[in-house]
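As a starting point, one isolated chain is supplied in structure tokens, in the form predicted alone.
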């Protein structure tokens, strides 16, 4: 078996494994969402979740079938649309929980533009990294120039306010610039800027000292600033190794706020136990490894950067969510991909999966492997 054929088989197997991970997370997430919300909403949130999942699946299939090169052609336009939508949110957006993040249409339909901005940012940075491949080692092209548009986008998200998404996308920007060839010293500077930004965020919050101490000692502050995280930790403690049983959890009944979104991992811990919780972590790890394998074997630099960006986006968001729920990180409000309730997030996470599969499919062409739209020709694809 030749090297090209071996690589092609590896990409195909990685793609099947990635799709299996997403399918497993979506199925398990639907079950846990119904369990988390059945006492307050019945089946209403589950039905909406399934509708969004179906729409996301349709979009993922279309993106997987199309050549991802069309995203390169429209990368700047997609980024500009994201910035415009984020600007419009301050005029037409609806305030929920002291934040203006949503466009609301009717009683049941809402759209969160920051979710679209996540994918648009990945595509834009992949385009920028490929276009300026020979210049990324300089301070100007490798750090200063990309930070101007990215800073505008992050500033709009920060002002909603959405601090969790800001931190996530700032970290993702640093990773993609580093993969594009930026200097390590520039990456260190970005990290220091991020730490300074977090310190500023913390200092501008109400009673910052109490909030910091609440994170360090949630039991002492369980009646005020650490109420939500303390309830989450109680859920994990109640679940133990094997859990209390599906649907049998108690913490979700008027004790744990946002149990169907940001804190659904706590419901999993209580009802399904530590072993299943670790299983969820392992599935996300497999997803990240397969996504990075697809990225590494992409046919071109743009495909590599975009696939790596999508993989890190989903992996970092999952990591931050689970770290917050277990009090490893302060609470900043990010959903758990494919599992938490949230239509906009699910739609664009599924779109990201479609992009990953598209990169894999067109890499298979490069290695002479057949893909669904290539049924009569075995010619190698020339990028």
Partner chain sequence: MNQRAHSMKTRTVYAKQLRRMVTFAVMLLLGFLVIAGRLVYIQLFLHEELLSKAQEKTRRTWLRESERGQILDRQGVLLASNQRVRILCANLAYIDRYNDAMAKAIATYLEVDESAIRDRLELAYVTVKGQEVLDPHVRLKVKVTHEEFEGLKAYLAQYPFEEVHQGLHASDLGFIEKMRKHAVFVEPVDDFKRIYPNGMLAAHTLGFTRSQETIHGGHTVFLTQGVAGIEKTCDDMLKGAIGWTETERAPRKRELREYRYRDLSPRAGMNVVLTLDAGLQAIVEEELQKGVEQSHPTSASIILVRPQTGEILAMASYPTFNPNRPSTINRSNSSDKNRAISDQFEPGSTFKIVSIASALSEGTSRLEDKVFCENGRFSNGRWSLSDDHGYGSLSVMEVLAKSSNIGTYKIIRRVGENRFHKYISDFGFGSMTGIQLPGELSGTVHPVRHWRDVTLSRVAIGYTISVTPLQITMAMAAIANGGYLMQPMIIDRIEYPDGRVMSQYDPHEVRQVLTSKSTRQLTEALTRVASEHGTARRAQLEDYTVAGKTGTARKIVNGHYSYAKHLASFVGFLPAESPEICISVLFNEPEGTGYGGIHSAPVFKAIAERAANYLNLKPSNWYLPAHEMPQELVLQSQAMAY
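Numbering follows the first chain given and starts at 1. Here the structure is a predicted model, which is why all the values come from computation and not from measurement.
Just so it is clear, the following notes concern the form predicted in complex with its partner chain, a form of the same protein that is not shown.
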**Item:** Listed residue that, although its partner chain is not shown, lies within 4.5 Å of it in the predicted bound form (heavy atoms), from 179, 85, 190, 147
**Value:** 179
**Asked** Of the residues 32, 64, 350, 322, which one places a heavy atom within 4.5 Å of its partner chain in the predicted bound form?
**Response** 322
**Asked** Can you say which of 116-124, 155-163, 179-187, 75-83 gets within 4.5 Å of its partner chain in the predicted bound form, counting heavy atoms only?
**Response** 179-187
**Request:** May I ask you to state whether residue 27 is within 4.5 Å of its partner chain in the predicted bound form, using heavy atom distances?
**Result:** no
**Request:** Tell me, yes or no, whether residue 231 is in contact with its partner chain in the predicted bound form, where a contact means a heavy atom of each within 4.5 Å.
**Result:** yes
**Request:** Please check if residue 301 has a heavy atom lying within 4.5 Å of any heavy atom of its partner chain in the predicted bound form.
**Result:** yes
**Item:** Any non-hydrogen atom of residue 238 within 4.5 angstroms of its partner chain in the predicted bound form
**Value:** yes
**Non-hydrogen atom within 4.5 angstroms of its partner chain in the predicted bound form for each of 21, 100 and 109** = no
**Request:** Could you list the residues in 242-256 that come within 4.5 Å of its partner chain in the predicted bound form, counting only heavy atoms and keeping sequence order?
**Result:** 247, 248, 249, 250, 251, 253, 254, 255
